[in-house]
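We begin with a single chain expressed as structure tokens, specifically the form predicted alone.
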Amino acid sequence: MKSIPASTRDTYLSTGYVVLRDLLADNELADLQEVCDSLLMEPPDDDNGGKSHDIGRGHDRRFLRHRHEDQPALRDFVLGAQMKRLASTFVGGHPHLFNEQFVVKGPKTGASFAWHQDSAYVGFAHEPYVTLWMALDDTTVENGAVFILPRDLNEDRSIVAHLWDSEGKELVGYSGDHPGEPALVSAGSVVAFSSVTLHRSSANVTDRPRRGFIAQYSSEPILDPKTGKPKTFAKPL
């Protein structure tokens, strides 16, 4: 992994996100691509066996979730020293792995994803965490780029009201006119945004899949107040 600019944290706090172009080393990118492609050979499981939000849409929009424990290369990456260094930039010196998943939009029919905050899917009060969205393919508006609605995290870390769209199988937290700022990046780039930053993604209308990987890190374990257990993971790096 390449070095992180000194201004990264300040940019993240003032706009709610930062784009780190070509950050991953070649071997890191190749490992993620290989794991993703191997998991794509498995049948779609939209709700992770009933354990996750049912937001997948089969081959149209696939979420390949929580596989670092049985994929050594993925485990070493998400729990490794380089990711600790990166995550610490945003959540402080003791990051915990909260969640990880590949997101793949199928060719031609790859669904868009509506405006939302990742924190809206947690379901209870928690400290904002960071989402590290990693491009495994060059991203364009045509193949499913991420769009960001800037937010000054120094002033506002609130979670807005979201409505469930049963047809799109997703929460929707914004329906205004702002188009958002597209993160048009090459494979190996990372888009880091807060879990309270509104974002969306466009549909994939190209003839190739668009692959991405998400790793999310919190400053402390995110525990469900009803059970006292982690919402997903709470693994210290």
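Small disclaimer: the values here were computed from a predicted structure and weren't measured. In this text, residue numbers run from 1 along the sequence as written.
As for the form predicted together with a small molecule, it is not shown, yet the points below apply to it.
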query: Partner-facing stretch of 98 to 106, 75 to 83, 163 to 171, 150 to 158, counted where any non-hydrogen atom is within 4.5 angstroms of the small molecule in the predicted bound form; finding: 98 to 106
query: is_contact(His116, the small molecule) in the predicted bound form, heavy atom dist at most 4.5 Å; finding: yes
query: 4.5 Å heavy atom contact, Ser201 to the small molecule in the predicted bound form; finding: yes
query: Interface membership of Ile214, the small molecule in the predicted bound form, 4.5 Å heavy atom rule; finding: yes
